[in-house]
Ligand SMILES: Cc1cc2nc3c(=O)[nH]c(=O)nc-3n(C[C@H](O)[C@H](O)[C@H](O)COP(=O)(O)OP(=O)(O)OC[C@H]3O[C@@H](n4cnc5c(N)ncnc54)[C@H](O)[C@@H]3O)c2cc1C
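Quick heads-up: it's one chain on its own, the form predicted on its own, in structure tokens.
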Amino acid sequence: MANRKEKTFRFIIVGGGIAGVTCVEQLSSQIPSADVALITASPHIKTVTNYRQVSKTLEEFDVEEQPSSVLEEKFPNLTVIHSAVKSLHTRSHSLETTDGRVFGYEKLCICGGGRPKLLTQENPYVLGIRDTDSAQELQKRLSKAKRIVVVGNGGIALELVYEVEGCEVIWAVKDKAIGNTFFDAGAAQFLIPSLETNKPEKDTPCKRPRYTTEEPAPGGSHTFTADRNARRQGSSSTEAGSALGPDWHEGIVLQGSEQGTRRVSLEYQCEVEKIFTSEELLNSPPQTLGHENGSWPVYIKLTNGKTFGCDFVVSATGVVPNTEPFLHGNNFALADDGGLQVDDHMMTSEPDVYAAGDVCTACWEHSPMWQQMRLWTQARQMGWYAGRCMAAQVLSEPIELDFCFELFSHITKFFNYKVVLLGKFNGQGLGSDHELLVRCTKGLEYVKVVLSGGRMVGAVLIGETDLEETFENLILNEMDLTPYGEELLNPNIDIEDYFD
């Protein structure tokens, strides 16, 4: 196989999502002379724009889809190869693309993203939201729908349920409260009333261009904002279509066929037991139906015993690391969640192979205040750091674990509220050894602080609280807050002045 190599590159990056593109930019600016290849199945790449450092660890940025030529113009040393990866051969340091070409590499970084965990494969009534094309498909099908069932409790489910109008939504979540990846039941209760009120009027849409392989909806301009959301769908290397961004619903009209506003019913602590068509239903025992009548194209039975008919089901149940094309014939160490294990230099267990973003799992000893979540922000940080590590090794320079891995931090927006998550914001891994302080003003703000041993270790801030920088400092400085007790969240005390 080695003799068929078309070309050997110093660096090959696989994946045109945020992690891959950031890695390419970092490498190309550190070693401008090195030849770098980016292998991506999609004609478009995801780039970070309007980057803003909000505080030491918090960052906000937008994500834009651009033609890959934009990147090639910026870096003359870069070659973009439009194809998916068929197989990787770590022994011969080469990989084969699905169009039959073979490329050699000195160092490789896998940024293959994640692929959606679909409820069921190949069911025409089950729609997984994965990329910009499936978001447009959703818009098209929604325009004729009277009722849909949304399954999932991550960022995409939260946004979708809030955005859909003119269509009844049955929302099935497996937890006791909505959004439990991001916040606790108290915060969920704070947000729930937003589902019952009318949405505020939209600002005028931004006019940044977006490139698609097909014509966007008439008058639609789409843009994605990256602080926004949780579970990105990373670009799969087996099928084209790049990650779905935050704000993915901007410029997409999520309007059902009925007049009127939102109607959302929640079914808690349940999962999908079975999905069947109206024909299958006719041939099944009568008790299957429960109270559901009428003729819907598809029926969904939940583990709580209820059955609902609907026009289609939206599967928004998160992603799994997209490692598939890379494993065969190699000896990668995998983490429990299926990701490629990487050390504190983003290296996998195979020589000269790095990984970043959703496809990998951080297996170094984490800082006590950091955890991995497959988010936009972490994809950017990991891609940037992987690029630096690859360059440092080639240049024989020492490199320290980046400061961004000291404290988990994320800014997003749910139900039109700004949401900031810091540290062990849900008491992750603390067992019963922590206490919570909560301050809540209905419709305005929700502030929760996690304390352990008298020190702040995490926080959830919903609304315009302006406390993120102060709380970030308190967590990083490990200051003993015992003397302040409950006063810490007293709205009459200006806490920023206290700890400047």
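The first residue of the sequence shown is number 1, and the count goes up from there. Keep in mind it's a predicted model, so treat the numbers as computed, not measured.
One more form of this protein exists, namely the form predicted together with the ligand; it is left out here, but the text below deals with it.
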Exercise. Given the ligand superposed in from its position in the predicted bound form using nearby C-alphas, should this pocket be scored open or blocked (3 or more ligand atoms within 2.4 Å of backbone or C-beta)?
Worked result: blocked
For this session: Choose from 333-341, 183-191, 305-313, 406-414 the stretch whose residues reach within 4.5 Å of the ligand in the predicted bound form, heavy atoms counted.
Result: 406-414
Exercise. Can you check whether G104 is within 4.5 Å of the ligand in the predicted bound form, heavy atom basis?
Worked result: no
Exercise. For A84, is any heavy atom within 4.5 Å of the ligand in the predicted bound form, or not?
Worked result: yes
Exercise. Taking heavy atoms and a 4.5 Å cut-off, does T57 contact the ligand in the predicted bound form?
Worked result: no
Exercise. Can you check whether N322 is within 4.5 Å of the ligand in the predicted bound form, heavy atom basis?
Worked result: yes
Problem set entry | Proximity to the ligand in the predicted bound form, single hit among V460, I39, M456, L27 (heavy atom within 4.5 Å) | I39
Exercise. Which pick from V126, I129, V298, A145 sits with a heavy atom within 4.5 Å of the ligand in the predicted bound form?
Worked result: I129
Problem set entry | the ligand in the predicted bound form - contacting residues of 427-459, heavy atom within 4.5 Å | none
